[in-house]
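The form predicted on its own is given below as one chain in structure tokens.
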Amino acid sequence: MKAIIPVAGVGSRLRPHTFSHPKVLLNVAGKPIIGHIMDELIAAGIDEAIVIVGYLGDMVEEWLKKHYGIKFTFVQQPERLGLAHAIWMCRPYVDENEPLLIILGDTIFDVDLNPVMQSTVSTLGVREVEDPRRFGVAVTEGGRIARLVEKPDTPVSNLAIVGLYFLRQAGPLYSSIEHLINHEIKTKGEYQLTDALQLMIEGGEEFSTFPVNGWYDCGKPETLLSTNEILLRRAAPAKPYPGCVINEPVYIAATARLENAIIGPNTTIGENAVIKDAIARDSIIGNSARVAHIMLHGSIVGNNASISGNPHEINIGDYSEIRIG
């Protein structure tokens, strides 16, 4: 089965880290965001992925081809005209009679996809939220979706659509997106996937919902750190390091070097990182970063960055160097 994964976003809320890396390649709990997503898809039987790339897309393509053996098709989205438009660009690579899974590439989900892909009707992942005005929402009646509304100013449901879509057939979706584009139907200035799905419902397509309780945002530094904390609870215990204290849960790459360090809890240490005479907790330390003579808490240190001194919280991008006396 095919999956479409849109990852063309710039990730402006995660700067400075996304100046040099696409958001989906940022490390969380020992692997890039897109790695967590791909592992779930492959476990569910996905054998082909269409990846919609844009900003720094060559880095995404290189990483995926290096780490996964399934068939990939990469589609460039030079203009950001909305999620429906992004899906539309994949039409030449999709059989309209086959089922299709769409999964957003910037959020990690904890859900068993196997029963989802066995559904006899199209189905959308939802989660109850307190403020539905920031999301597309589903209004349900009798176990089926009666209506979808994109970011309603007046809340009509608290079931947010969280970015997991299973379509029994791709054809009706593409017909609906074509209608939106041909008639210039936009919501909030973009061609919305929610509007295309609503056209399908109005045309008689049945949709159900399935609950997604584990839904971990990676869009901002604070949510990236909280997702790191949640995912580390599943990690295997780290090996002992002489002269160091390891407070689980942590992820420490096998090539990292620790000397006289206290690590954790809730801390990820990347490949070839060096942590010396330092304390790091509730933090993400990038590949080949160097951290010395410092205590870090709630911090993100980019790849190849170097920091020493005595601040307690920091957020610096790749190749930075900071010394605070």
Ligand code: UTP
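Counting begins at 1, following the sequence as shown. If you're wondering where the values come from, they're calculated on a predicted model, not measured in any experiment.
The protein also exists as the form predicted in complex with this ligand; that form is not presented, and the subsequent description refers to it.
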Hey, in the predicted complex, does Ile4 get a heavy atom within 4.5 angstroms of this ligand?
no
Would you classify Leu225 as touching this ligand in the predicted complex, given a 4.5 Å non-hydrogen atom cut-off?
no
Is Glu205 close enough to this ligand in the predicted complex to count, meaning some heavy atom within 4.5 Å?
no
Considering only heavy atoms, tell me if Ala86 and this ligand come within 4.5 Å of each other in the predicted complex.
yes
Looking at Ser176, Gln77, Ser157, Thr123 here, can you tell me which has any non-hydrogen atom within 4.5 angstroms of this ligand in the predicted complex?
Gln77
What is the one choice in Ile185, Val139, Ala235, Leu81 with a heavy atom within 4.5 Å of this ligand in the predicted complex?
Leu81
Can you tell me which of 206-214, 99-107, 167-175, 225-233 lies within 4.5 Å of this ligand in the predicted complex, counting heavy atoms only?
99-107
